[in-house]
Every structure is written in C-alpha cells, then in structure tokens.
Ligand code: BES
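Just the one chain here, the form predicted on its own, laid out as structure tokens.
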Amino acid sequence: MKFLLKPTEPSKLSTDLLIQFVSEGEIRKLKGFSQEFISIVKDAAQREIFEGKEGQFLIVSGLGKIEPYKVLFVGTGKIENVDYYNLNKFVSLAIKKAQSLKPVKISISVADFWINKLSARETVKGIIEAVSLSAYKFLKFKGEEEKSKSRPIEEVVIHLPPNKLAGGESGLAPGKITADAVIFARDLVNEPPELTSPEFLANTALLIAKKSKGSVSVKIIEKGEIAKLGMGSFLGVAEGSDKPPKFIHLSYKPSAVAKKKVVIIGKGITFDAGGLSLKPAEFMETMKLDMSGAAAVLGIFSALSALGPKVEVVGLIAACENMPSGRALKPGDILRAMNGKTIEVLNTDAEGRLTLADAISFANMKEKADEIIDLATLTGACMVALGQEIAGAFGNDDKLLSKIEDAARSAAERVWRLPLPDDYKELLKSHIADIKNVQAGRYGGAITASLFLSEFVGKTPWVHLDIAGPAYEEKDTPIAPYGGTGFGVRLLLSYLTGL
C-alpha cells in the first residue's frame, strides 16, 4: 500500500473514493466543494437522516461535479473527546466501509479537529497505522477463489493544508514502520502452531538480526545451556513436548551511548494444551495465541533499526510448548527457578508464569536491567475484569506504570492499571516450597498471577501487561479481523522511541 501527502483540495483529487470525516451537526457547514455539490450532499443527508453522529455513513456519487468518483462521509459524533484512539477508531471504521465499495485508490481528507488537537505528524502517523491495520487480511491458507475476492487498496492520498505538509511528512515513515511491525506480529500469531514452533521463533529472531544491518544481535540458548543457567521452572514446562525449548535473546544497541537498558519479555508458549491439567477441547482451539507476547517482542525488534530509539533494548523469549506426555510436569512437582526460589506446581495449565519466572530472573541476574516490561496472555481472570479489548497493567513502580499508560494512549492501545496488594501474597503460600503457582480460591486470579511474577523481579522497576484479552480477536473488529492483533507492539514502540 502506497501513502502520499498532497495539499490539493479533496474535491480535485482524482480518486475512486474520497473519505470525509464530519462531526455531529457539521454537515450543514460543509466546505471545500462547489455549492452545487454541497446542495446534493445536504439533500442526501436529509433523505438518509445523516447528521454526523458516531457510526453514521453517507455515500454520495461524484456525479461529475467533483473529481472523486464517490465520497464517503463518516460521522464522528461530538468532538469533545478528540484523541489518538478515536482517530484510529474512525479511520478504521471508514476503511472497513470503504472496502465494501472495492476502491483501489482512496483519498482521506484530514479533519481540522484532529490537526488542531493532535500534531500533523501524529495525525498522519495514526491514519497510516489505522488504514494499514484495518485493511489487513491473513489469506495465506485460503484458496485462489477466496483470495481473488479481496481487492486491496493500492494507494492512499492524505490531504493536508499546505502549512501542515512538513509536519505530516515526518509521520509517514514511523506510521508505515509501526504498522508493518504490528502486521509482522499478527502473521506470527495467525500461522498454525505446527509451524510456529520454538525453533521457528528462534529462526525468525535470527532473520530479524540479519536484516538489521548490525544494530540487532541474537543468541539462541539451547536446552543444555538453559539447564546450566538453572532455569528449572522454564524447563519443567517444556519437558512434556517433543519439540526442544529455545531461550531467545535479542539485543538492540543504538548508535550513540545508551543511558538506559530496557528488557522486554514476551510469553512464548507456542501451543498450550494445558499439560497434564489438560484444557477442554474447545479451549484449545485458539491456543496458538499463547505466544502473542513473543510475537509482539519480535514485531518490536523488526522495527527498532528503522525507528532508532536511543536506549538499549533487550528482548527475551522462553519459547516452548505445554503438552501432556509421559515426561510432562505433574501437579505436585517442585521446580527451582533461576533465582533459587522453589515452586510447587499445583496446576500445569498455569505455565506461562513458570516460563516468565526464569525470563525475569535472567533479566535481573544477567542483564542488570534498568526496567523490565513483560507481555503475556497470562490469565482468563484479567479478561473477566477488563473484557477483551483492554490489557491489565501491574507493576512495582508508579513512574514506570504512568509512562506505560501515557504510551498506551499515544498508541491507541488500551491498558488499565490494577493493584498488587501485598496481603494477597498469602494466597500463594506453599506448605512445601517457597511459593505455589496457583492461588488458594478462585478470585483475584490476575492479581495473584502478577504477584507470582513479582517474586522474581527484585527491586528493578517492572511492569507486567496481561494481554490475554486484546491479543486475539474472536470476531472481526474495525482495526483487526478474527485472529492475532499484534497488541503491545505500538504501545512499546511508542514508549521506547519516546525515551
């Protein structure tokens, strides 16, 4: 998809479809078109009761009165809450509607209220991300007949006032790079789990390093060395699978001296059957998604060389499957993590926290991280609390949590801070080991899972993002079709490039 910026009046752009955003009541004050065409639009709006309310659409043929073949008016409702999230939402809604009209070339007229509230750079960046991600389809395994039904948008012209062009141009490259990184992560999640094995993720990391021209390096730590490092918690989960685990270590270093080292960790369970605590069949159907955190980390590293943040970034993925077999971890087993803590395993389906325990310990003991951020499809309990579109944010440092919340807002990805009360640690006390991997009782599961992780963090500033809900869509949405969403890529790229 090609993106261009032009100061040409929208009505003079030769295009299959012009998209025009209209806030509530503003259709009566339409500008930028001839009086004759404005009269046609007002008549159509009256007939179809289009008032610019949120979610309303009005399609008007150009009728030879203007250059665009058709115009799609998109209602944005009241404009009191103009922000990056709403920009993404309305552009995504517009693209979904536009796709039903099968245009090849579209033009987008940028609403004044977006430029006035957001910078031209952020507006253009947001439009490019929203267009790219809402137009995304994973058709790799579809037949030719199904693929032929899809008519992709090939060119997008974004109209900006002449005095905003320079600012808008600075958003072109970041928007495209970020969108491509999200799509990279989505593709990984959408592939079948037989393909996206631990070895496949390791090879993907090596390919990212090869393409980075030296700014990203990768080390793949094999099972023997994992054992020497003392990662008994990670290896306990991996033991039930015939596919060997891989501990993937990525490192990005900026051209200048970095003043901070940020470690990002992605949960990398490439398929989660639950181990001997076997999941019901219907719950396994989407369990290829359990490496969404790892996919996000790989997506982020695919973009770091091009975006060039001024901090050192380390990516860690403890990649394995969680399968039942004669060798599999058993309820009642005791594991020893890299930091020496012993863990009583009462439920083998609470495995993500076991692999993350060693990855977090590695970040502390080997990397001496200034900050640790992990992304994990960790608990269904977080989805019960926050639904499928919002990630839970937990942590031990208010300043870092606030920065992550700010980055989420600037990236159109939603997070909500949840508490980590010390007294809830009582729920994880084991009579036989230092800690057990699941709580006593059924309530507060997202909190106790996060408290479990906190046992391996030490004093390093740390944020845990439970992305179980927003990592995977189980229905088509404006910004993502059914499947992997790449959640967390935009958020952390925004955070890292802003440091």
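Everything numeric in this text was worked out from a predicted model, so none of it was measured. Residue positions are given as counts along the sequence shown, with the first one as 1.
Just so it is clear, the following notes concern the form predicted together with the ligand, a form of the same protein that is not shown.
Among Pro244, Pro193, Gly77, Gly380, which has any heavy atom within 4.5 Å of the ligand in the model of the complex? After the contact test, the surviving option is Gly380.
The single option of Lys279, Lys425, Lys403, Lys366 touching the ligand in the model of the complex, heavy atom within 4.5 Å: Answer to the contact question: Lys279.
Out of 197 to 205, 229 to 237, 118 to 126, 287 to 295, where are the residues with a heavy atom within 4.5 Å of the ligand in the model of the complex? After filtering at 4.5 Å, what remains is 287 to 295.
Would you check whether the ligand, in the model of the complex, lies within 4.5 angstroms of a non-hydrogen atom from each of Lys267, Asp272 and Val438? Affirmative, all three are within 4.5 Å.
Check Asp349 for me: does it contact the ligand in the model of the complex (non-hydrogen atoms, 4.5 angstroms)? Yes, Asp349 is a contact residue.
Using 4.5 Å between non-hydrogen atoms, is Arg186 touching the ligand in the model of the complex? Because no heavy atom of Arg186 falls inside 4.5 Å of the ligand in the model of the complex, the answer is no.
Hey, in the model of the complex, is Ala468 touching the ligand, heavy atoms inside 4.5 Å? Answer yes; at least one heavy atom of Ala468 falls within 4.5 Å of the ligand in the model of the complex.
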